[in-house]
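In the block that follows, a single chain appears as structure tokens, in the form predicted on its own.
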Amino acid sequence: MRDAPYATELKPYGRALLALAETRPDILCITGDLTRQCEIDLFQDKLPGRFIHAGMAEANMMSMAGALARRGYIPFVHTFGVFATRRPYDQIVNTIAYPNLPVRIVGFMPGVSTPGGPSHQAIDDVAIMRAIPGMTIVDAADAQEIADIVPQIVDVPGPVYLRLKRGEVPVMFDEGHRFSLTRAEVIRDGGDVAILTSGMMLASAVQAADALTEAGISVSLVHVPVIKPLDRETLIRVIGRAKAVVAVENHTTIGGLGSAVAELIADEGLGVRLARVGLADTYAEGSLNAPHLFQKYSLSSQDVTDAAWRVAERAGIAAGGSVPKVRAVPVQAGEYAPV
């Protein structure tokens, strides 16, 4: 992986979808009145005949996507994550998921990445979509991964929910990195604490892993971009070696990645202590900026480090001493650094 701060790319998803659609005439692009905001103005400009404005009517949009999928198309449906999951849930279940149709639901602005308050913050979208039988859930971390995800999800049987950061997307992985629909990625392999994360929290988890390693803790760091179906084999191996586990997500701690990990630990009888870093059963407030929200709701790199240190102490590691401090990362214009 590259070192922070990270260079950023604009509209990596929009470019990837357009490139794929130019080779796949069965792909349709549907928007819920959020075109530029979901990077699909690029698609609209180049392929207007396969671009559908559904308006601010998300339930109808999902039903429309299901009907088009029945006719042999692969609809990619776009809006903010909260509007892609809460509002049209019944239509997703009955017109897309129950008939197992190949609709790709793309939700932008996950968790507290938007300062827009509870009406716009998708803090429960993973929990909602995990409950739907047959739903694949992908939480992308960086621009390179997004470019690789789009062509890989197009032919997945049944529905897919793709969770994406909006705006300037960091480039964290080295060239040649390959996303896998079936395998979580072990970025570091250690024996004391395993940090499991997904999506835009990967940057914070990397900073926490650095601080813990410098303090003498042996850290495994695992990026879990596919939350459902979970790569049980890799996680069982990593968790089985660890003395403590931390699950980190930009989402409520109820029903998301942390819950999936807790279920796995219980199912397999792994007997390891687990800490969960996420939104603690609360709605976030509105704000002038998103980084403030990550700090206020304990989702920062330091919060991940603190949680890992506490659970390590409970597991008999890191007895005594003070919690290591995360290194501050100076950021230039156009760069991205973890909160």
Partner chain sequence: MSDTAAPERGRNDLPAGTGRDPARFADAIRLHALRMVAPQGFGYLGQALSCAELVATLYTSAYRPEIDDVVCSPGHYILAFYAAEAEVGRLDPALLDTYGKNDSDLEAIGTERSPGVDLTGGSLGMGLSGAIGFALANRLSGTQGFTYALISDGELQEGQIWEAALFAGHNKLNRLVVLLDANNSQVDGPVDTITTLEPIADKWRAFGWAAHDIDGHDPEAIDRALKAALQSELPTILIGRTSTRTGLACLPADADGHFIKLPEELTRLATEELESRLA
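Only a predicted model underlies this, so the values are computations on that prediction, with no experimental measurement involved. Numbering follows the first chain given and starts at 1.
Form predicted in complex with the partner chain: not shown, discussed below.
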message: Can you tell me whether residue 60 touches the partner chain? I mean in the predicted bound form, with a 4.5 angstroms heavy atom cut-off.
response: yes
task: Report whether the minimum heavy atom distance between residue 234 and the partner chain in the predicted bound form is within 4.5 Å.
output: no
message: Residue-level contact is defined here as any heavy atom of the residue lying within 4.5 Å of the partner chain in the predicted bound form; does residue 46 satisfy this criterion?
response: no
- prompt: Is residue 41 one of the residues lying within 4.5 Å of the partner chain in the predicted bound form, judged by heavy atom distances?
  reply: no
- prompt: Taking 28, 90 and 95 as the candidate spot, are all three within 4.5 angstroms of the partner chain in the predicted bound form by heavy atoms?
  reply: yes
query: Of these, 72, 133, 157, 216, which has a heavy atom no more than 4.5 Å from the partner chain in the predicted bound form?
result: 72
- prompt: Only one of 279, 54, 293, 311 has a non-hydrogen atom within 4.5 angstroms of the partner chain in the predicted bound form; which is it?
  reply: 54
- line: Note: the partner chain not shown here; in the predicted bound form, the stretch from 219 to 227, 249 to 257, 96 to 104, 143 to 151 having heavy atoms within 4.5 Å of it is 96 to 104
